[in-house]
Each structure stands twice: as structure tokens, then as C-alpha cells.
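Shown below, as C-alpha cells, is a lone chain in the form predicted on its own; questions about how it binds or moves come after it.
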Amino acid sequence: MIELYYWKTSNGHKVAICLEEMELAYRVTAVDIQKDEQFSPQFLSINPNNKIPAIVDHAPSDGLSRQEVFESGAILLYLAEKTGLFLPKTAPERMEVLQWLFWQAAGFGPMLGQAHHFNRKAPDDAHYARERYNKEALHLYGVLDRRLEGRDFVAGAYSIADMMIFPWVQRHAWQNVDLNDFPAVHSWSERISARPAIQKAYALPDRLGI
């Protein structure tokens, strides 16, 4: 059994998607970041960086009694290696997935997160920051759009790279991005949205009543 420490954010959705796609048994502990529950001593013992998501695997494959993992990219990589799913085993194909996994973790997520903040939360006089991050969002969507031209998925077969990127694309309106300007991303997003595991993961907040 895997315990998922979760809130309904883009990063939280990533891990819920992965668990559903891999059909792993899990239970959820909601961490309400609007009430600062991520700063509780119990959660900080799992993730000292006070960010969701995090997991505790109570049946790790190495025989230990538990394995704690924080950072969404590390969690997806851990679960892929645990199950042997959605991450190729051969070097060239595996590296393709890992490159796009890290691309999301290092650029796509952080930059779009800043666009979210300055578009929705910042004072009206934050024009420079808003322009800077909206411009970077368009650049990154262009990178992704060119990558997806002629491809169904980001790195060959459907993988943890797609799971990593998709939830941030779902918030494109918060980033002042029109997906009609990025047709390959738009088509990819529609393909991903139709997957049953995606729909189950996005129904999780309703099931939890949060």
C-alpha cells in the first residue's frame, strides 16, 4: 500500500495519475495547503521542503519496511522503477523519457508556476514580472509543440514524461496560453484527457470532498 500526501494542484495530480495508470493500491492523506498543513511536523518529517506531493511506500521492493519519497519527478521515477511500467529499460529510449521528465521539473513547471502567480496573485503594478513569465510560458509551449509534431506522446510510447507534463498544460488558461496556438500540444492534451486513469485521477478531489 502506498500513502499519497496530496492536494489538488498540478504537482499533486501528477502522482495521482501515475498511481492510477499503474493500478497501484493507494490511500490518500489530504494536505490542505490553504491551511498551511504542509508545515505540520508530521508532514515535514516526510518532506522537509514542505511541498506536496509526497508518498510513503509501505511495501517497497527492496524489502524495507517503508520508503518515503518527495518531489513529484522523483516519485514518478520511483514508481516506474518499482513497477517496470511507463519507463523504457533500454538506454536511448529511457534517456528520452528522463530528458523530458527533467525538462518539466527544471523549466516547464517552475516557469509556469511563476506565470500562475503573477497572472492571478500579484499586484497590478507587477507588469515586468507578468510579461517576463508569460513570454517564457509561450517559449516553453513552443518547445513542447515542436516536440509533439508527428508524435502521439512526448518520448515515444506513453510514459511518465507525459504524466509529468500534462497537469501543467491543463492549467494553460492560468498561464495566458491559448492551446489553439499550439495545435500539436492541443491534440496531445485531448488524447491524454481521454485516458480512463486520467479521468479517475482528476475525480479524486470530488471523491475526497476537497
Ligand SMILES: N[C@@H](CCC(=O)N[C@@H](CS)C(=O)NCC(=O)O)C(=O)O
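Numbers for residues come from their place in the sequence shown, where the first is 1. Keep in mind the model is a prediction, meaning the values are calculated, not measured.
Form predicted together with this ligand: not shown, discussed below.
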Would you please decide whether N176 lies within 4.5 angstroms of this ligand in the predicted complex, comparing each non-hydrogen atom pair? no
Any chance I33 has a heavy atom within 4.5 Å of this ligand in the predicted complex? yes
Does this ligand come within 4.5 Å of any heavy atom of H58 in the predicted complex? no
If you check in the predicted complex, is S189 within 4.5 Å of this ligand, heavy atoms only? no
Just one of 179-187, 145-153, 47-55, 22-30 has residues with a heavy atom within 4.5 Å of this ligand in the predicted complex, so point it out. 47-55
Using heavy atoms and a 4.5 Å cut-off, decide whether N11, K14 and F39 all contact this ligand in the predicted complex. yes
